[in-house]
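What follows is one chain in structure tokens, specifically the form predicted alone.
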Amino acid sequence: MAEPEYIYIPVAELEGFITRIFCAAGCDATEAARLSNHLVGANLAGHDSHGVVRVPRYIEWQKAGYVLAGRRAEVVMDGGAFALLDGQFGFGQTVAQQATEFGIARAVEHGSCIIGLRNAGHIGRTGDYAEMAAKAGLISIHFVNVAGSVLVAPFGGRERRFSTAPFSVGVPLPSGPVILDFATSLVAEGKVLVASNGGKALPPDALVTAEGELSGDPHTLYGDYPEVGPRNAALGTGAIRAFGEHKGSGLALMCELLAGALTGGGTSGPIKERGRICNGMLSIYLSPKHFGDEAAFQRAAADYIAWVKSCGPIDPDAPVLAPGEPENRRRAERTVSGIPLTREAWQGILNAAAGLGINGP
């Protein structure tokens, strides 16, 4: 397979362009900038599956009324150190930020807080919220599901049962936060989307066909699709596989139970027809300052991470890294080189902008 051909877009130029798109779509300037900053930030971190490739899909969802501009997360239940919020089907990057800010404020006051968020639009890269908490000096744990989205087969299965069910943990340290962030599927659905737009190819065992054969072909998930245009998982008959066999499958199940069933936002299925999907997120915030000797915790954590990283590498050119370090390296590189997008992905964004009367840069 030929290597993808990329266009490199300067970060500030891309962020400004995406902001204009969302303003034209009906978002106010603050919300449009937040959406753009989050999506471009995902690309900067190397998480292209949750970056600007999502823009055409977000615009489609907004036009269909599946996601709404200008929403504020509503408090359904407030117990002080715990609360349940409803995102009112607002843009996920808006209402998930509000929920995170709510949890941070309470954990700073009480030492800990648990926040359930339901009915949020696609919240994007979950690690963004772990980074927000870490900047406030808090540890955070996030379980996420996608109600109404069945994409992933459980261990041993060939039919869809789970959403991609992301999971993230953030730990603040003086040298920089340790951020663990991954989908419980072998690849995020966005990586299938990127591959279908001419981007990095999928591993040959990332997907499973309806017949139980392993596959790396995005058509397994999306069915037939044009070179440039929308992708609809309802048209495919296969599924994404869970990572780590039974381990990823088990963690995905817990994400559905905690972020979906417990919050009241709903699990991935069973569903009779596809339409609006929404994220649920159960977040736990912990303040090291309230757990005793914060300085001792930081020393112990730093010493342990240094010891883990001192492990002799299999490949001398690929040293052992802590979670978050690959993202930091990618940010530094892409801040200089720009954001790489395949021609197909870039054209899809230009088409979405043109549909709103916005000219590309």
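All residue numbers refer to positions in the sequence shown, first residue = 1. Please read all numbers here as calculations on a predicted model, not as lab measurements.
The same protein has a further form, the form predicted in complex with a small molecule, not shown here; the description that follows concerns it.
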Practice task
Go through 188-196, 227-235, 67-75, 252-260 and give me the stretch that gets within 4.5 Å of the small molecule in the predicted bound form, heavy atoms only.
Solution key: 188-196
Practice task
May I ask you to state whether residue 241 is within 4.5 Å of the small molecule in the predicted bound form, using heavy atom distances?
Solution key: no
Practice task
Considering only heavy atoms, tell me if residue 117 and the small molecule come within 4.5 Å of each other in the predicted bound form.
Solution key: no
Exercise for the section: With heavy atoms only and a cut-off of 4.5 Å, decide whether residue 222 touches the small molecule in the predicted bound form. Expected result: no
Exercise for the section: Classify residue 324 as contacting or not contacting the small molecule in the predicted bound form by the rule of any non-hydrogen atom within 4.5 angstroms, answering yes or no. Expected result: yes
Handout entry: Joint contact, 83, 267 and 283 to the small molecule in the predicted bound form, by non-hydrogen atom at 4.5 Å
Key = no
Practice task
Answer with one of 208, 179, 138, 99: the residue that has a non-hydrogen atom within 4.5 Å of the small molecule in the predicted bound form.
Solution key: 179
Practice task
Taking 4.5 Å between heavy atoms as the contact cutoff, choose which of 124, 248, 218, 90 touches the small molecule in the predicted bound form.
Solution key: 124
